[in-house]
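Below, in structure tokens: the form predicted alone, a single chain.
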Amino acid sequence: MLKTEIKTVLEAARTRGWVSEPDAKRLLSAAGLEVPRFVTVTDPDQIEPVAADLGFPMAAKVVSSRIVHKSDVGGVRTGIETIRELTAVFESFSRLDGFEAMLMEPMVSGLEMIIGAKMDDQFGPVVLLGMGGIGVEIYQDVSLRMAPLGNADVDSMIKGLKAAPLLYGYRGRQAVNRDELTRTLIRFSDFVMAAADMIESIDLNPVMCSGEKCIVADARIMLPPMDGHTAA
């Protein structure tokens, strides 16, 4: 059932070259991963009732057919506290290239992790775990394993991180729920295996891990080029 849903969504996104964040999160949720409650709005009149339902503080992101890296073009805003701010953000997003909608979701707290996968020509699906957020390329603190993953694989991935002490509650900070992190990685691995012949890579960054849950705050699924050409 999940593979059928994956195929339907990915086929619809083939000409774009990647899966939109709303669709990516719906797929991940269907695979058993935690995602924030979110709503996409296409009209500023929709903002107030959605905000009343979801609650503040809130994050807003542009949904665009032409923008893969949202933060590079100012397409991500966090810590929004008022309807007025949301309306101004919507107006700003609506001027971005290929604007389709604004995604609204409550802010999620926790330790920023990255979970990803890439289809390797030699080894097949390879899963990555590391410290996430905007510093991921600076710190380059990651562990890699071939999918599918088991509990022992996840345990060794976590222990292989230089920043592993942060997960255990470094200097009095709240420890990450290791059972939830393990569950998230294994379900992600299962998802990757189901989609392996249809995708190029997946990045979940950040995945916000706390003492209770690990929640996928952002997701990007890239598809193979069509007919040998890079998708627009």
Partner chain sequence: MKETSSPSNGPLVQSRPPLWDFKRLFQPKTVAVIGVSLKRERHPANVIFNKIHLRYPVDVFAVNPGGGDLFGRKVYTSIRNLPRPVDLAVIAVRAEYTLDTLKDCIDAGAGGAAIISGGFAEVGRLDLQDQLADLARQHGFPFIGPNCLGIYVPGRIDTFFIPSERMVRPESGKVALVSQSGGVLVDQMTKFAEQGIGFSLGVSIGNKALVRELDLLEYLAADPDTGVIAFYIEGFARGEGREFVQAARKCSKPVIVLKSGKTGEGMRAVSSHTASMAGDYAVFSAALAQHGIVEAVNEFELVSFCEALSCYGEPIDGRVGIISPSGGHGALAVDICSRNGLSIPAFNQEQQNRIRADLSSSVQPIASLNNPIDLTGSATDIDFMAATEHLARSPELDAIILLLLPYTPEVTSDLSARLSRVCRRHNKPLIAYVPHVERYRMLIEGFEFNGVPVSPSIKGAVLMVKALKRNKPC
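Remember, predicted model here, so these are calculated numbers, not experimental data. Residue numbers count along the first chain shown, from 1.
From this point on, the text means the form predicted together with its partner chain, which you will not see here.
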Check M102 for me: does it contact its partner chain in the predicted bound form (non-hydrogen atoms, 4.5 angstroms)? no
When the contact criterion is heavy atoms within 4.5 Å, does M113 count as touching its partner chain in the predicted bound form? no
Is there a heavy atom of M58 lying 4.5 Å or less from a heavy atom of its partner chain in the predicted bound form? no
Heavy atoms within 4.5 Å of its partner chain in the predicted bound form: does N205 have any? yes
Can you pick the one in V76, V126, A88, L96 that has a heavy atom within 4.5 Å of its partner chain in the predicted bound form? V126
Let me know the one among N151, T82, S109, Q140 whose heavy atoms come within 4.5 Å of its partner chain in the predicted bound form, would you? Q140
Counting any heavy atom within 4.5 Å as contact, can you tell me which stretch out of 58 to 66, 39 to 47, 26 to 34, 194 to 202 lines its partner chain in the predicted bound form? 194 to 202
For the stretch 139 to 158, I need every residue with any heavy atom inside 4.5 Å of its partner chain in the predicted bound form, listed N to C. Q140, V142, L144, R145, M146, A147, P148, D153, S156
